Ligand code: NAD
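Given next, in structure tokens, is a single chain: the form predicted alone.
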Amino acid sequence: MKIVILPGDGIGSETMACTVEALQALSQRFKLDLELQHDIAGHASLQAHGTTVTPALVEKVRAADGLMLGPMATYEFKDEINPSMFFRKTLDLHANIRPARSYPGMEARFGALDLVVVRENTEGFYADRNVESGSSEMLITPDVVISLRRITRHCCERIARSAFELAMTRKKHVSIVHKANVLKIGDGMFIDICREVGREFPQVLVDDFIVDAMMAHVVRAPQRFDVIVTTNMFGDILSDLTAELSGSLGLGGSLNAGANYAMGQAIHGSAPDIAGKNIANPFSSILSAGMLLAWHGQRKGLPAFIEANAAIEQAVATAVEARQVTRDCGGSLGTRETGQAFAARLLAG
């Protein structure tokens, strides 16, 4: 398997170094024959090449079996390409899969949870992926901005199908999150299509929640949820909340998946305030890499890659319980030391 490695900005170089170490350990233990192809995007690419994503990088990613993208400082970009958005849109990575679970050894202040947010990734309120010619935000006057949201049957159908197929491998429960009481046409269509697809999966329990009420429900009783399917912006916000409910944003893995390509990506940002301090949690990036391996294994019928992801998940749980983690998870190790201990645990089995 060929994986393009892009460390990103801020803490990305630190967390991605730990991810590479973990991937190398897995490749050795499970005989995966991983080929890691290192390159740059974001600010490093802008300085070196005058653009955040080069055409050569795009071709390299298309020729590979997967992409690991580090956090990008996209807020600082003005007219430059946002690499995260660019790869999601260019590779048509329509499903953003974000699991969240509680871990023994960490206080579950709001109760145990094991759920997955399935977030539509290619349209919605995100202005950079709605209009072919550019942004769907318009400055009407110096004091008036209009932002457009696109919702299509095609995107609703495929994200719903991703959610129900995933639910069939779990607890067979899908919760649709929306704002149809206000966004009656767009979110009304989203609910209708999700329920329409759901009828193909009669074994799956289906319910729905208004997004603001859902924030209260998932905090009050997170254990009642299994697979949550929602539109782009709602999923972005909700998945950060559920990751934090697990104990730390640094414990949230994420996979951006399409029909032919996939990209592992930590759910957190570049965190420039802690960059270079050796305190960032690398597990979000490492868990995302495991999800990428599992996606490849499922597509190609390669059980060793699925087993490698299971090994990552188990090793994270063991590390958290043993406190061999960074401070946000109750440990005292630095980023580098956490990564080294984790790779050693993977090799030891």
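Numbering starts at 1 and follows the sequence shown. The model shown is predicted, which means the values in this text are computed figures rather than measured ones.
Just so it is clear, the following notes concern the form predicted together with the named molecule, a form of the same protein that is not shown.
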| query | finding |
| --- | --- |
| Contacting member of Leu255, Ile228, Ile267, Ile159, with respect to the named molecule in the predicted complex [4.5 Å, heavy atom] | Ile267 |
| The unique member of Ala271, Leu113, Ile151, Leu238 whose heavy atoms fall within 4.5 Å of the named molecule in the predicted complex | Ala271 |
| Heavy atom contact within 4.5 Å of the named molecule in the predicted complex, the stretch among 159 to 167, 120 to 128, 174 to 182, 82 to 90 | 82 to 90 |
| 4.5 Å heavy atom contact, Val206 and the named molecule in the predicted complex | no |
| The named molecule contact at Pro99 in the predicted complex, heavy atom, 4.5 Å | no |
| Contact of Thr74 with the named molecule in the predicted complex (heavy atom, 4.5 Å) | yes |
| Touches the named molecule in the predicted complex: Asp328 (any heavy atom, 4.5 Å) | yes |
| Heavy atom distance at most 4.5 Å to the named molecule in the predicted complex, all of Ile3, Leu34 and Ala262 | no |
| In the predicted complex: members of 299 to 318 within 4.5 Å of the named molecule, any heavy atom | none |
